[in-house]
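Okay, so here's just one chain, in structure tokens, the form predicted on its own.
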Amino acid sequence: MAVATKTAPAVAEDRELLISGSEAVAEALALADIDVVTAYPIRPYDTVMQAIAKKIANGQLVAEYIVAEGEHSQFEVVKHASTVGARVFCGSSGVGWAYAMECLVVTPPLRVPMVAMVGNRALDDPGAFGVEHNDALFVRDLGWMLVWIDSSQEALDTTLIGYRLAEDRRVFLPLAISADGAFLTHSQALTLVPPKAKVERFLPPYNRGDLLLHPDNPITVAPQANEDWVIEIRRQNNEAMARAVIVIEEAYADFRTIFGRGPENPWFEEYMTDDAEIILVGMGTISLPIKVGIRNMRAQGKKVGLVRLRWFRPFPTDRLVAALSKASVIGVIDRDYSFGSPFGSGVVANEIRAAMYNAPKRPPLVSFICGLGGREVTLEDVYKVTDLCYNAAKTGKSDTKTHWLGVRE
């Protein structure tokens, strides 16, 4: 005779949703149970703001939703909310990110583990809603951690990882998650959304400990230090950024264990680089046309691969040097600019030049600027990049010219 037994509760499974990169970030924010979100509309970031508002209105998230009168106030509100123990989120795009610059400057030395999203957008003037990376790169030298994503799945996963990283007491630095405007913020793809139970195993509650701003714990915030302590504070921030390297690798390892997905190498994606003679380098959604072009060129016998950078700060110098040193030529495609820089190159190209300076093997490097203002990066652009890299392989020398692709003459 069969005996009825109490069955164990079913383990909640991931849900598969068709959502945009912005909506994926909002899913992660609900799972992270944020406390305070501030909002001010600017395209293309505002799609995140709208998605969070819907979740709060529908009772899927209990959080303070504060509409500010501008980006400056928006970032000030969450900065102070974080100091009193609230898990916070905000974001912006283009000149909106620039308008908040005073707040962005002071956030890292105040050790505020804010997570923000930058919907990458060209800076005005001329006005444009299309993607460029210069907005987020404003803060590259200020103590903000910077990561670029290229899919809605990576948007969700990186947001969860971002809170785990930023709120770790060894780090306590802000993080900007960069998502290419339109190409990722508005484009939908199938995305796995994990159950809350998995997230709770991965992401501990936010705890400021003795740094909590509270009447029972009087502390000084934003002191006037001048020559007495400023250089020591700068060095402390630098050491926190160095410790972030360890915490990033720990966080991704735990994420793989708990969620059953995620990259072995958190720093950058390698695509067909094992035997590549030419390695192309880029950030964000530029990876899509490059990967298609690589597959086409592989069918023609050309050994081309891609390194897509995820983390820009902290910069994965040693790991990147090891990956790129095996190439005959490196081609760096920037979706940004740095006017007056060495060789007139974009930011990523010059960072990689600096990283390779002490490498025992330094392949020739050819730099490119492409896709500014949201212009498409085409397969023809990818093929031209590869041809110019093969020319450099023949001479064995770096091309001192930075090539602007897809520009009308």
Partner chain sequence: MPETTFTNATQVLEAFKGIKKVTIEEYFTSGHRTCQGCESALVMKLMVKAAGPRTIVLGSTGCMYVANTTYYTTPWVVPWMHTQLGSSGAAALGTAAGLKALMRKGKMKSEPINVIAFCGDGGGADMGLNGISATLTHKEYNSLILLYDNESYANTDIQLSGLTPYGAHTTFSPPGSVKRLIHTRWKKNVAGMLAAGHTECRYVATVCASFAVEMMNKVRRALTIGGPTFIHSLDPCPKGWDYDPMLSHDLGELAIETGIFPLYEVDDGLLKYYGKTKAIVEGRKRKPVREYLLKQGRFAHFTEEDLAYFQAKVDEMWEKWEIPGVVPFKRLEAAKAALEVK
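Numbering follows the first chain given and starts at 1. Bear in mind the structure is a predicted one, so any value in this text is a computation, not a measurement.
The same protein also exists as the form predicted together with the partner chain; that form is not shown, yet it is the one meant from here on.
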### Query
Of these, 321-329, 290-298, 253-261, 221-229, which stretch puts a heavy atom within 4.5 angstroms of the partner chain in the predicted bound form?
221-229
### Query
Taking the partner chain in the predicted bound form as the reference, which of 189, 86, 123, 142 has a non-hydrogen atom within 4.5 Å?
86
### Contact assignment for the partner chain in the predicted bound form, among 150, 168, 336, 76, heavy atom within 4.5 Å
76
### the partner chain contact at residue 69 in the predicted bound form, heavy atom, 4.5 Å
yes
### Task
Would you please decide whether residue 213 lies within 4.5 angstroms of the partner chain in the predicted bound form, comparing each non-hydrogen atom pair?
yes
### Query
Contact between residue 102 and the partner chain in the predicted bound form at 4.5 Å, heavy atoms?
yes
### Query
So in the predicted bound form, does residue 369 come within 4.5 Å of the partner chain, heavy atom to heavy atom?
no
